[in-house]
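A single chain, nothing else alongside it, follows as structure tokens in the form predicted on its own.
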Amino acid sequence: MLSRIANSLFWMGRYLERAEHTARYARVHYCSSLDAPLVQKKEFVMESSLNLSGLLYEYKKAHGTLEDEKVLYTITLQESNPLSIRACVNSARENARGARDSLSSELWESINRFYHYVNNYSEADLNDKGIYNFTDKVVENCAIVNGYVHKSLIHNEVWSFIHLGMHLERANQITRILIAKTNDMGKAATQKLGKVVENYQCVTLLKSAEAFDMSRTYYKAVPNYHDSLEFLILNNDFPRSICYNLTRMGRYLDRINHSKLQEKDSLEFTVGKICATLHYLTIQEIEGDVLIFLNNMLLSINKIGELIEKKYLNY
């Protein structure tokens, strides 16, 4: 496969996953803030949403105060923001166009419909219909595209590169969500907002990762920070945990890599080493300093991305 095609497939997967996580995080946090504990201010939620995308500094520099409509527009539809949902969907479609001959007609058409839906959605529509309507459709369209990726493509290198991008980005986004929510809980503890707010933060954390119901099923208990961390970092059977996604990446790399030799510091060696560490790690070891662990994990995920670029995608 040409590196140019592999690059387009990989980044198509990444941008679709990024759009989905941004949409879900914004929807869960904004909508849940409407009936949140009284001590939980809406500004707190807006700041958290900007933090996830790394836009807080730029937003405050441009606008100063946190206003609902401006924050939501920045995250969702702002064309000049390369991290907005619209920008991610546009980039996903452009990458899909670059690999059009490798995709099924059904997959291409689902991406194209998604692209036109997002670009026909105006700021006035967002203000009139609300954030829930837009983000719900974004998540729904991502699910449709993912379905066609799975069921309309031969499970070969094309399929593997798309999934490699998706799983790398999913691990990245879950790590970022965990960092954002850990910081939120730290602020809540500093402000002495109480146990009610901590429980609220755990619920929004799990719902942001579509993990609320499965977490309750798995632990058979009301969500708490300890269990939420363990579920989203170390559970090897839940499709949105960091461990699960990095393990899956190892499998896709095995499909793509025809050489079974794994030299020290190679891409396959690095992924395997991180996965092995996660498999034998306990949540008690992580809880010693959660933010240090999560930031180091983010660096490791970014390193994997750089190694994939270097080995397969540069052209």
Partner chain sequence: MRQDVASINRSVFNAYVSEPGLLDEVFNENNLVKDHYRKVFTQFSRYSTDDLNKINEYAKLSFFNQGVTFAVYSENLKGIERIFPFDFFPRIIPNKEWEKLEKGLLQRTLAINLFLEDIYHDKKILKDGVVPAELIFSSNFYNREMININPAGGVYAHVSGTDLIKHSDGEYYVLEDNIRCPSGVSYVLSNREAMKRTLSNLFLSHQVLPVQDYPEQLLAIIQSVAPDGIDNPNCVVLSPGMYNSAYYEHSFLAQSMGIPLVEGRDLFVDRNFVYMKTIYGPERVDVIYRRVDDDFIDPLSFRADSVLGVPGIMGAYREGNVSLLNAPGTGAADDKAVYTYIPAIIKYYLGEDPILNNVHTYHCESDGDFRYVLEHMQNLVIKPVDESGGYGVFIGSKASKEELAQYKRIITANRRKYIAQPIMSLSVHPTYIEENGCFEHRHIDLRTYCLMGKKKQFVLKGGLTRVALTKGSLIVNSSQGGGSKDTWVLE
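Residue numbers count along the first chain shown, from 1. No experiment lies behind these values; they were computed from the predicted model shown.
The discussion below concerns the form predicted in complex with its partner chain, not included here.
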task: Considering only heavy atoms, tell me if D227 and its partner chain come within 4.5 Å of each other in the model of the complex.
output: no
query: Counting only non-hydrogen atoms and a 4.5 angstroms cut-off, does I131 reach its partner chain in the model of the complex?
result: no
- prompt: So in the model of the complex, does any heavy atom of H258 sit within 4.5 Å of its partner chain?
  reply: yes
message: Is it the case that G186, even though its partner is missing from this view, gets within 4.5 Å of its partner chain in the model of the complex, heavy atoms only?
response: no
- line: Note: its partner chain not shown here; in the model of the complex, the stretch from 91-99, 69-77, 233-241, 211-219 having heavy atoms within 4.5 Å of it is 91-99
- prompt: Though its partner chain is not shown, can you say which of C142, L103, I179, L126 has a heavy atom within 4.5 Å of it in the model of the complex?
  reply: L103
- request: Name the single residue among Y115, W159, Y200, Y148 that comes within 4.5 Å of its partner chain in the model of the complex, judging by heavy atoms.
  value: Y115
